[in-house]
Structure formats: C-alpha cells, structure tokens
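Given next, in structure tokens, is a single chain: the form predicted alone.
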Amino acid sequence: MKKLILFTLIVAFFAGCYYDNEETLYPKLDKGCDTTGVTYSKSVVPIFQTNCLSCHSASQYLGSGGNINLDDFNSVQQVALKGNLFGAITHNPKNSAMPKNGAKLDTCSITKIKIWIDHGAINN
C-alpha cells in the first residue's frame, strides 16, 4: 500500500511539470515597440485596420465576422470588457482564435491592446 501511495505521489508530481521554453512563458517585446501613451484611436484602431477589418468591418461583420463589428467603438468596448477580445487575439482555447486560421498578432500589438483594455477600454 505504501508503494502505491508513493507511486501516485511521484506521478502527480511529474504530471504538474511544464516543458515550455522561457520565450513562450515570458515573451519579450520588440525593442521597437512603443507602449507609451497607448490610446484607442492611435494604437488599437490601426491594429484592427491592418488585421481585423477585412472580416469585422461595418460592411462585413454580419457575413464573415461572426456578428462582431470592430469598426464601432461601442461594439469593440463591449467585446473588450467581457474578455473575449483579449482571449481571441491570444488564442485562448476558451475563445475563437483570431485572426481566423491565422497566426497570433505580434507581441507588440497584443501588448498595446492589453494596455488599452487594462486602462478601461476607453474611447481616447
């Protein structure tokens, strides 16, 4: 019985180990990433224009954008404050990964969006 308990403890211990590399766990920002003064209009909107509006614009969101309009601030704020925006762009398994069938946004873009959300997702 003691051997079974010891074996179970050893298995439980090693099952909890992660083998991620440091870069995956702690991504470094690109040295050219300026995260000072992040605003919705100057930081977040350009990211959306480049990466999201082909599906989530006012004219496309009903068809290809899953009914999520990223052209309208109020819609963006609602999705951001619920946590769905950040979950989607970081490819959280609880959310639909965005961009759809594509790689995650670059670390700098994700960081800017996170800063904006953490500061209340305001229209600035």
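Since this is a predicted model, take the numbers as computed values, not measurements. Residue numbers run from 1 along the displayed sequence.
Just so you know, the form predicted in complex with heme C exists too; it's not on screen, but the next bit is about it.
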(request) Could you check which residue among Thr90, Asn95, Thr35, Thr39 gets a heavy atom within 4.5 Å of heme C in the predicted complex? (result) Asn95
(message) Quick check on Cys55: any heavy atom within 4.5 Å of heme C in the predicted complex?
(response) yes
(request) Evaluate Phe73 for contact with heme C in the predicted complex, applying a 4.5 angstroms cut-off between non-hydrogen atoms, and reply yes or no. (result) no
(message) Within 4.5 Å, heavy atoms only: does Leu105 come near heme C in the predicted complex?
(response) yes
(request) Evaluate Asn84 for contact with heme C in the predicted complex, applying a 4.5 angstroms cut-off between non-hydrogen atoms, and reply yes or no. (result) yes
(request) Report whether all of Phe48, Ser64 and Pro99 sit within 4.5 Å of heme C in the predicted complex, measuring from non-hydrogen atoms. (result) yes
